[in-house]
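Shown below, as structure tokens, is a lone chain in the form predicted on its own; questions about how it binds or moves come after it.
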């Protein structure tokens, strides 16, 4: 099973929503067998991480009891581990009991949209188990976060929050190298806030931890393009490429294959990783000018 790799130019996190009400694919993978099959498809497309969530965090979403959330995700994790999944398995939760059950089942990553504020004990659990984690910024909670969000300066405010939560996690015993940070695109932000964050990610990257970006199919892309949720792949790719160029390195997406292909080309071009592993063609061997 893969773990966090700081040498890779990027990592792709595939979304596996084991929920009835997620904004994009709610109900499609609520059955454990369907969720496992979908996770395996995402892994085959190149997912480095599989992020399993049993509670929707879309705007206005209602909370789910810990027992129900556990019932949804643990059988999927167990099946993936038993099947020899190569991708790292993440649990998307803010509840201590769910995180513990997921790690017991074989997950090695905790993705907490509350950055350990909802249940601070998760930090000690992650430290004890030697797991990786992601800390995300969110204004309020899913039920209220999109009610007139305001900031003095969204990038400075998010940066200060993430810096404080990073310090909290380290104080709880989690090594810095196991922590990633997420500015929380769409979580208590307007379209303008989201665009400001994407355009100034370098300021967040200055915190020294990998930045995870989750823009896949989100409503702000629909607001910009006029596209419905199922027709936002091009916008998703564009936003992820911009985030990559501005310093992000982990990309949480529904459409793993197309996004990974785009990032591979961007990495090869901008960071010239392709030139380190491939013989560069010369003018004498190049036969086409159209490819």
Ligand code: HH2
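Residue numbers count along the first chain shown, from 1. Here the structure is a predicted model, which is why all the values come from computation and not from measurement.
Form predicted in complex with the ligand: not shown, discussed below.
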| query | finding |
| --- | --- |
| Among 95-103, 188-196, 150-158, 129-137, the region lying within 4.5 Å of the ligand in the model of the complex by heavy atom distance | 129-137 |
| Contact of residue 108 with the ligand in the model of the complex (heavy atom, 4.5 Å) | no |
| The ligand contact at residue 200 in the model of the complex, heavy atom, 4.5 Å | no |
| 4.5 angstroms heavy atom contact with the ligand in the model of the complex for residue 56 | yes |
| Contact test in the model of the complex: residue 254 vs the ligand, heavy atoms, 4.5 Å | yes |
| In the model of the complex, the one of 113, 123, 77, 87 near the ligand [non-hydrogen atom within 4.5 angstroms] | 113 |
| Residue (of 221, 162, 212, 73) lying close to the ligand in the model of the complex, criterion heavy atoms within 4.5 Å | 212 |
